[in-house]
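Single chain ahead, written as structure tokens, the form predicted alone.
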Amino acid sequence: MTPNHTPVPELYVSYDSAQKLKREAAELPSWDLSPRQVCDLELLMNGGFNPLKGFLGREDYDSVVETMRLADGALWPMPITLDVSEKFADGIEEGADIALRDAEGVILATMTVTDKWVPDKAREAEKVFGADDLAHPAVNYLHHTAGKVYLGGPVTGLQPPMHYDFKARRDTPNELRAYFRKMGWRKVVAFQTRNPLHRAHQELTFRAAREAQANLLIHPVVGLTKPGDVDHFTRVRCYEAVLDKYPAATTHLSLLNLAMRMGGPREALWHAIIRKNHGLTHFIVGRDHAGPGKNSAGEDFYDPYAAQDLVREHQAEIGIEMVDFKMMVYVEDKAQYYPIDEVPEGANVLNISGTELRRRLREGLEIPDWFSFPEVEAELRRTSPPRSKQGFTVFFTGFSGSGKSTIANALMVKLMEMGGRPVTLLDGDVVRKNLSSELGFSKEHRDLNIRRIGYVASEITKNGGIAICAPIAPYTATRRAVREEIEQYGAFVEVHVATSLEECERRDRKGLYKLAREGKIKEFTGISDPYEEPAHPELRVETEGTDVDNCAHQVLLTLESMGLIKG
């Protein structure tokens, strides 16, 4: 057999052994895996992360962070770690076994804990992602979502995570290798994507397969991608809609349940290793591969061709050949696509960015035939109707007594007067009474309260309604998490009610500031606990000297300017 047909090692035990271990694991401490950890575990168990045998121990972790290699020298650029809470870690000793379960409590694997440590996350961010900048989604995840303690050790796979969607399209590395062996495909080039396929992608993949004289695997990521990306259900329907535009004898579509980190060059190298494990011989690396966009200074996180340079440097060691491509643009005079560096001099070049495509979908504008396929456009319009028909969330934040609830009530009435979509008000005090009555006012409980509000608002938004939220929401990281959850389904409009602390204290309708000053209320926002002011809200409202009706009207004008309501 050729190397790309030979099976790769998996971490699963036999069915009988798995049943025995499941019974024994009932007595073990259990960790419920996050969505990202489930993706990581699946690729550990099925060989996608070969040569890893489990979540990284401390020596391997330090080596990967510093040198992109495991302690034994094997190339591996991305730390695959099991982050857990301090509370869970306190009850685990090194050498102990733990059970790893999915969100429903189904046991997927056991792990022998060989290492337990508190990582330097700022160092990990700098070394792995190039900057300790919260504008990077993986850095934000590292600091605000990931647990504070890492556990490392080998994993024993008992069963893969259950997927109920697109089952026929999901292949393990060994299933793909068996398919290539059956089809006699000795050379296969992989196209990695987290976006719907348009005509430029088709031209790029045709050219890549032709250049490599290879068969083509369209290998989209359906695990976790960048916040704000098109959901994988829509994307896979788009891929299937255009699959018949490829030659069936030389093209295959398979889904990869990978949790992306948007790590640029390191991520591209990681993707290349993963594709090698899946039996690929060639891998397309495009412009700004796995780039997360702009940093806090408004500049690109990575050089657009740094990913190609890094993969090119290591491709021989990995055993996969990179097919590098520049951005494809449409040349109107020739009525065809060209790589941007091959455009004939003086030709008229057309291009639509992802941002522009989203704007056209949002506003119901035409998408030219040269850009996309009618089937893809129809699917995107079906799941992304114009903004004026989508659900959205208006999220008021500000000090207690700033006027959030009053403006939110006025806005609710105005939106209900307009009609068209159901409107729900999630006021801070009402939510505290009905949804979070058992919570106190510690930072942990405040965060949990806002997360609950965000979850309810996301469900309202997903189902086409309007959610109006009016909590204090003092912490930037929590507001960002809520924004990311809601923006999967519709717009998130942050309104900072910027009433000064002095004015709020002067108003003090509920007498809370007085009690806080007297020390009778602990951890009170603005007095004994900080309020982190939004840096870039969609709207900032000044209430001092402005009546409520005018404030609510400012919000309506903002909604109109964003296309969420019609003027």
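All residue numbers are counted from 1 along the displayed sequence. As the structure is a computational prediction, the values presented were derived from the model and not from experiment. C-alpha atoms forming the largest set that superposes within 1.5 Å between two forms make up the rigid core.
Quick note: we don't show the form predicted together with a small molecule, though the next part is all about it.
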Considering the small molecule in the model of the complex, which of Glu86, Glu299, Asp429, Asp333 comes within 4.5 Å of it through any heavy atom? Asp429
Since exactly one of Thr225, Asn140, Ser405, Thr110 fits, which has a heavy atom within 4.5 Å of the small molecule in the model of the complex? Ser405
Quick one: find which of 263-271, 466-474, 159-167, 124-132 has residues within 4.5 Å of the small molecule in the model of the complex by heavy atom distance. 466-474
Please check if Asn449 has a heavy atom lying within 4.5 Å of any heavy atom of the small molecule in the model of the complex. yes
Proximity of Glu523 to the small molecule in the model of the complex, heavy atoms at 4.5 Å: yes
Does any heavy atom of Thr81 come within 4.5 Å of a heavy atom of the small molecule in the model of the complex? no
Trp370 within 4.5 Å of the small molecule in the model of the complex, heavy atoms: no
Would you say Gly511 moves between this form and the one not shown, meaning its CA shifts by 2 Å or more once the core is fitted? yes
Once the core is superposed between this form and the one not shown, does Tyr475 show a C-alpha displacement of at least 2 Å? yes
